[in-house]
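Two separate entries follow, structure 1 and structure 2, each one form of the same protein chain as structure tokens.
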Structure 1
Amino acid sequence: MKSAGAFPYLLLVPALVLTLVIVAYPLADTVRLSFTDASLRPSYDYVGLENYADIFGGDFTVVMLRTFLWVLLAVVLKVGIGLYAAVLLNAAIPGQKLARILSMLPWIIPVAIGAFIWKWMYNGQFGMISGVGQRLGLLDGPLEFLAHRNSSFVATVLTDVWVGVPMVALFLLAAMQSIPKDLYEAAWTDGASRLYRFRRITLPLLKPSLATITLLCVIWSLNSFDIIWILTEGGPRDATTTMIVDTYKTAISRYRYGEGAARAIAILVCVSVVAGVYFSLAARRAPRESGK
């Protein structure tokens, strides 16, 4: 067989150059900038680890804890509701195809438009939620959901869940349909209930897919910026300021580029840790699944 020589490697050169220009250089420059006091001034000095010390000694610690709570709620709700939706969409019911199409609407609608729709719904004077609450007697008067710390936090989480659930449901639905039907038929013949079949067949075989979509949800929620910014811009009184929003405020709104770069690197480390844990678990599981 004739050797291909260096030709395959030459084909990789454009992709390699593109990766270096678009990914590697900006990342390296951000790391360099994180060790400086860069701002709008024409010159700047290197300050060592000072920006990173501020992360763990200042208000950013509170922002990190708030971000982890925000991500935890968003991911649990997305995966939980998405799994339940996937089970319903996988069931043999009339109108199944129409239900699958309609369930994808929140995912098809651009995120910015979806966020504006929810911002209108959360409005105390004209929004649907406040109006329905008053009609049912649940609210004494108009409630501005985005004007209060607790309600604004919950409102941004629910909007993020609304956008993310269709993708989770579609992903898990595809995984469910790959499960062999004869497993269910054998269990049904033995008299197994629907709940038992889900617990002993569906759920164990969905574990790899659940792990993957959970990881993706964590990364998406950590990087979720547009929904929070459109709804609250991180307010009121920083109640919805997560790490990504705080980084934007620091670097772009306050022109503290060095500190903003350090915060961006902190987010990158968090995402890398999550991805590292997932790939480590996947690497351990692969030999067991292959029977080696």
Structure 2
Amino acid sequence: MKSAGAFPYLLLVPALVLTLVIVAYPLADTVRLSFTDASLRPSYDYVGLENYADIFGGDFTVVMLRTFLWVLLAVVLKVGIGLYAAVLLNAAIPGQKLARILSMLPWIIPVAIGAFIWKWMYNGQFGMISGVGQRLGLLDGPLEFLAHRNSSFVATVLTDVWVGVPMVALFLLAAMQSIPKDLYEAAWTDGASRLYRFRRITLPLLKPSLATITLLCVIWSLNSFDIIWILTEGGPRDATTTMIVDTYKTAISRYRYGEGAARAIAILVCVSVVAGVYFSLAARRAPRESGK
């Protein structure tokens, strides 16, 4: 193809402008604000590392630890259930298409609407989960899931998982279908059982996709805001306050932009560390894969 000159750059202009204005500039501004005592007042001063010292000296360590647990639980469940779902939806059985469409629904509807419905289901008196739990004899009496520290923690995770599973399942399903069929046929001719074929063919070949989707799940869960905000607003007594909720409360509810910005940077550092680990692992793996 003849030399493109400036043409490709011209094509990038709209995307770049939007990204610079809405992402790059705010990112730089967050870094800058994190060194200030900015609030609703029009003027503010630079305070050096004070905001960072504050967050790491104070309650924020607890918030980080809690976020870590929250994300860990959410990701394990999302990837676990998602993989299981992908295997089931990959089975060539009657009704497969319908099952695939239906299992996408939690992803299609607005996240907030899903959270509204779950909020009702967690109601101890009238909600489905407490109600069914009592009928099955799993619960002694009404359990107000969102009113207790441990149960609200698990409840917010579960809703996050519910929203995330369809995307994980679809992604893994796509990866499974890209595995050459003749591999399975060869193994089948050799008399390998279905489970054996899954363990020896599907799982190893799925590894890169599993790694990618796990990374995405970590990042989605780290950034998960709508669900927690609607279900609990971070309560009861901070039991579901993850880093992102804490940042929002500090900055938007309490107008402490400087402190909020420092917390936002802490989240970005976490995201970067996760992504960095992933990409260095991927880079180590890449030469081997291209060699075969």
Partner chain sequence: MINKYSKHELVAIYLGLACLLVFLLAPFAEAFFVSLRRLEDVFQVPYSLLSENMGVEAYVTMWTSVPNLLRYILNSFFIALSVTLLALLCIVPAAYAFARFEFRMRDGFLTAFLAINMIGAAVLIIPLYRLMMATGLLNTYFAMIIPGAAFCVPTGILLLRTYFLRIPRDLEEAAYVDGASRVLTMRRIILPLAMPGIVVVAITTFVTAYAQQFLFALTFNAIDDFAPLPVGLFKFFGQQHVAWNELMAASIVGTLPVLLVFFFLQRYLVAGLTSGAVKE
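Residue 1 is the first residue of structure 1, and the numbers go on in sequence order from there. Between two forms, the rigid core is defined as the largest C-alpha subset superposing within 1.5 Å. Note that the coordinates shown come from a computational prediction; the quantities given were computed from them, not determined experimentally.
Between structures 1 and 2, only structure 1 derives from the form predicted on its own. Taking 2 Å as the criterion, residue 269 does not count as shifted between the two structures: its C-alpha moves by less than this amount when the rigid core is aligned. In the rigid-core superposition between the two structures, residue position residue 11 carries a C-alpha shift of 4.5 Å.
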